[in-house]
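Next up: a single chain in structure tokens, the form predicted on its own.
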């Protein structure tokens, strides 16, 4: 069930109405939202409902065992077993084929005849996201940062809540569970912020992301050998804008939809392409994932507390695993390795080259602009491996950056579309608060008519068909 479809509009209208009718009865609200979320998830393939139900019951039982078992020494065993089983399920569904094919390739290169069972496994939608949420819940209970959910229904609602179930953001139990325990004032829901998020998300997805894909990205990455340097740059810059518009659009719609249901999520993007450092980029891009990797992987590995070499090792491991999380392919590992290397190099250069502290504003502005350009192009280089179908295609695109043949894609409309995709970052963070406040001041009838008009214009501007969100595959 895709967000920009009539089916989802009808589904959400029913859920919105039922949710607000039950808003004062929190336990019934949780049960209603859980059933709605299971319908939403089962729309793709009902067979995988058993997986998310198992994940729910297993992790909630583990959390309860952590607080009820009288022997503290056993708690660590419970935690490790729980994490191992969660990762085992994720690994089986997402990485089994990858590991088998990698083993076959390694055996072939060594001249070894190896026989491994090969299974055709369908990847459950959203498994990467709800598995990470389940693990963070158990880890937080183990750390005594949060108590277990009051009951299994509340935890199941947290894990399966449909706005962010399929492609995030990765919501912490500490953010979600307290909200479904306390009463909600129906008059205090920020409909203006929700409208801005949802309509802005639809514009970024339906118009910008889809047109960038059709006009620039898909042709270049489908036939990399056919395009010269200018077209490759347009294709790579276009993908940088496309994946931002596409993924931030899903996050915005998810956050806005949850807000209309009385649940507030933290922001997941904040103008990442104006970052002046790679560290700053990861504070702005897919914030829920980068903070998850920091809190549950990088810091437990030792973070930056144990010396320079260990810090560099921890950064590389975190981003190598973060790359592998995105997909069972060595291209994603290379993508993660590039970002890990950027952070290591940036950290080391910061030790050697102190930051400019002079008062010359022009020089400060030029250095800031130069830093933004360096970071943006480093990120774009990594996107080549993220988007290309094969390593050969990625290398062909890099080689063709030296091939200055006549352009086939360059046009005024292509440049305007690309700049529009990058300029959509103005919709992130608190930048649209004035628009949301203005919307809130309007009569409810005016709000409805205005939203319907904007949505009609968006659907009219976008290309035919409904393309899935990019992060559905991760």
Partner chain sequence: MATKRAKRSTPARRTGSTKPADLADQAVITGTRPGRVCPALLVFYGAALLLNAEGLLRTAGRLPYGPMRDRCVAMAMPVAHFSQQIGISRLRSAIESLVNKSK
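The shown structure was predicted, so the numbers you read here are calculated from the model rather than taken from an experiment. Residue numbers count along the first chain shown, from 1.
The discussion below concerns the form predicted together with its partner chain, not included here.
J.: If the cut-off is 4.5 angstroms on heavy atoms, which of these, 333, 213, 343, 189, is the one near its partner chain in the predicted bound form?
T.: The option sitting close enough to the partner is 189.
J.: Ok, 377, 347, 294, 75: which has a heavy atom sitting within 4.5 Å of its partner chain in the predicted bound form?
T.: Selected option: 294.
J.: Please name which of the stretches 271 to 279, 159 to 167, 190 to 198, 76 to 84 has residues with heavy atoms lying within 4.5 Å of its partner chain in the predicted bound form.
T.: The contacting stretch here is 190 to 198.
J.: Decide if the three candidate residues 9, 175 and 267 all line its partner chain in the predicted bound form, where lining means a heavy atom within 4.5 Å.
T.: Verified in the predicted bound form; spot residues all in contact, yes.
J.: Is residue 449 close enough to its partner chain in the predicted bound form to count, meaning some heavy atom within 4.5 Å?
T.: Although its partner chain is absent here, residue 449 would touch it in the predicted bound form, with heavy atoms inside 4.5 Å.
J.: Answer for residue 182 alone: is it within 4.5 Å of its partner chain in the predicted bound form, judged on heavy atom distances?
T.: Although its partner chain is absent here, residue 182 would stay clear of it in the predicted bound form, with no heavy atoms inside 4.5 Å.
J.: Does its partner chain get within 4.5 angstroms of any non-hydrogen atom of residue 19 in the predicted bound form?
T.: So residue 19 does not count as contacting its partner chain.
J.: Does residue 440 reach its partner chain in the predicted bound form if we count a contact as any heavy atom within 4.5 Å?
T.: Although its partner chain is absent here, residue 440 would touch it in the predicted bound form, with heavy atoms inside 4.5 Å.
J.: Do any residues of 428 to 459 have a non-hydrogen atom within 4.5 angstroms of its partner chain in the predicted bound form? If so, which ones, in sequence order?
T.: Contacts from 428 to 459: 429, 430, 432, 433, 436, 437, 440, 443, 444, 445, 447, 448, 449, 451, 452, 453, 455, 456, 457, 459.
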